Structures are given as structure tokens and as C-alpha cells.
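There is one chain below, alone, in C-alpha cells, taken in the form predicted alone.
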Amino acid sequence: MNFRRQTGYFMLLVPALLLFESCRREEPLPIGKHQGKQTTPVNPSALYPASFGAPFLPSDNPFTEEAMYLGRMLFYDPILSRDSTVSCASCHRQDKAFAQPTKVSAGIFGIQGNRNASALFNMAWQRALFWDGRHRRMRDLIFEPIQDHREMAMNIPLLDAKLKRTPRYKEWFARAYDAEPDVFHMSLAMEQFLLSIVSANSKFDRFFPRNLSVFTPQERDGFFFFNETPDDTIRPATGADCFHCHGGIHAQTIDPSVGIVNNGLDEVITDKGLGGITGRSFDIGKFKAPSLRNLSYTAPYMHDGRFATLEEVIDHYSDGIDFKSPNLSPLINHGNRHLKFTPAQKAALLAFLRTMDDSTLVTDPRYSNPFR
């Protein structure tokens, strides 16, 4: 293994419907029924693999089976939208690794949003939420799509009233929190469910951090290409330099101070990204670098869903970066020269990326629709 490969390998390691709604069937709690204050605690170590590092969990919302199940019900229930037609799961589909297979989200009455719905797995390690990183707590995130007029368009007092008069939620809020239904406990329950969704069963997980024998020769070539830095004097590239933004076991830089970047999509910025939140000119055009896990399920790609295929994404980093894009990340500005991957390099990189697919996530009954 040459020095460049050793360096890249090291960096990988470091880094009127109310009646209908109230009568729908839900499956029983898997471990039996509990009433009032009697709940079943869940040890986080049973949820999260040790190899992933410590998750960022709320200290004031201890996990219980009852609350997680309540959160799962709420995630799949369109009662959270104004006309009871759109649920969280409408845009975050389990068969798509809790992402959306369309460019942008569509809310009630088919109203189109302006961004692609992000995948919702391994959120317990996320320190910045949404494409622009504007939230840090899951419970705060939950209220935005519920109230957004382009998504669920729900009034919070109205939602609170709907929950209070729905029999199944009277029962389940009592089980989980010994409380009447309300939007505060709703947000805690949904936070628990969303933080419980874990993807950790891919070939990449059997490899990490050093078992190269699980890879085919092409996947191994893709691994080294992914983690090597390019020689800026040579074209085609000697390395794709992906690991700076997508390294480590999460295939993502989870530190928001370095994981929200401009990756050179446009010279003229129409969506300011992080800059629209902070108001700072040097944040314009910056978006969170997502995890590269489960890419076979989460198409289309980028914050606006502009790339339909992984091949298009790879082509962008090979030949398509706009060096005039404001605030372009220096990590992908190699002397204003495109890296020009060869066909063999592209094929190897694609093969390696597909080792991160977790086929169990998209069918795991712990995360499935409880009303079916």
C-alpha cells in the first residue's frame, strides 16, 4: 500500500376524516400492554452499535417501548396534516431508506416544496438537522413540516385538539406518558422513534475499519480511490478525495462546523442554504453533506434532487464542479481543475458506494407502518 493510500485509509478512521382516523387498526405493542406510569425502559446500548460511537441523545427524554411505539404511530398517521392526507411517511418512505423518490416533496393538495426530503436513518448521530442545518434537536424539527404550508399545513392548536379527541391517542399517550394527548409529548414520542432508526447492516459494516477481504477487487479499488487525495498535477485523478466530507463509519462528517459546505453545483445561487439561516454571505450556497449510506435507495440526489442517478453524482465530482460557485469548498477546488475520473475509476467508486446499502433497513418491521 503506497503512502497516499495509507493517508486516505487513516483519514477514513478519524473522521371529516376524524372518525375514520380514530377507527384505524393498530398492531399491539410487541412486548405486552402497560398502563399509566408503568413503562418499559429501553437501554440505548440495545439500539446503537458500539462501533458508531456515542449517539447524541436527549437527557430529558429517556427511551421507552411505549413512547417509541407512539412515535411510530404518529410518524405514519396523516392526522398530523390539516386535511388528514399527508403523514411524515408520505415523504420519508421506508422502502427508500426514509427518503423520497421525487426531486422535491409534495404536501397537501399536491403543493410542491423546494427541497428533496432527506433520509431519516442514523439521526442519533446528527448534530445539524435539515439540509441547511438550522436545527439541533429532533423535537424542534418535527414542528416545521407539520406547520409548513407546502407540507402538512397544520395549525398547532388544531392538531392538539385532534389528538385529544382521537381514542387511540388517549390510550397511547396514557401508556407512554401518563398524560392526555398534547403536541409537546407528541414531539417527544416522535423524537424517540426517529432517533431509534438505525442502519448498520451493510457489507461496509462488515468491512469497517479494516477487513478488506469482504470486498471484491473492484470494491477494494473503489475504497482506495474514495479515500485517496488527488495529485493536482495529474489528470485523470489519482484519488477522488471523498473522505473529507464523507469519511468514517457514518460516511459523513457529523461535525456541523465542517460538514455543511458548497459542493459547486451552481454559479448563481437560488437557494441560499445555510446562508438563508445565518444571513452571512460566506454561508450562501452551503448545504449539509449527507451520509453516503443506502444511496441505492435514496435517489434522487442533492438538496434539490437534481441528479437522478449515482452515475450523475459521480460525473459531477469528476467533470461538473462549477468553480465560480460562491463559497466553494476548498476541499473540492483542486486548482480549478476537474479531476476527470476514468471509466474504470467511476465503476470502482460506484461499486464501493453500493457496499454501504443496508437491505434490512427498508423492510425492518420495527420501523414499518403500524396501521397495516
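Computed from a prediction, not measured in an experiment: that's the story for all the values here. Start at 1 and count along the sequence shown; that's the residue number.
The next section is about a form of this same protein that is not shown, the form predicted together with a small molecule.
For the three residues A200, A347 and A351, a heavy atom within 4.5 Å of the small molecule turns up in the predicted complex in no case. In the predicted complex, the small molecule sits within 4.5 Å of a heavy atom belonging to P145. Remark: T166 does not count among the residues lining the small molecule in the predicted complex, judged by a heavy atom distance of 4.5 Å or less. In the predicted complex, F130 approaches the small molecule with a heavy atom inside 4.5 Å. With a 4.5 Å cutoff on heavy atoms, Y317 counts as touching the small molecule in the predicted complex. With the small molecule omitted here, the record of contacts in the predicted complex names 149-157 of 168-176, 149-157, 229-237, 204-212, defined by a heavy atom within 4.5 Å. Proximity to the small molecule in the predicted complex, defined as a heavy atom within 4.5 Å, singles out one entry of M190, I79, I249, A97, which is M190.
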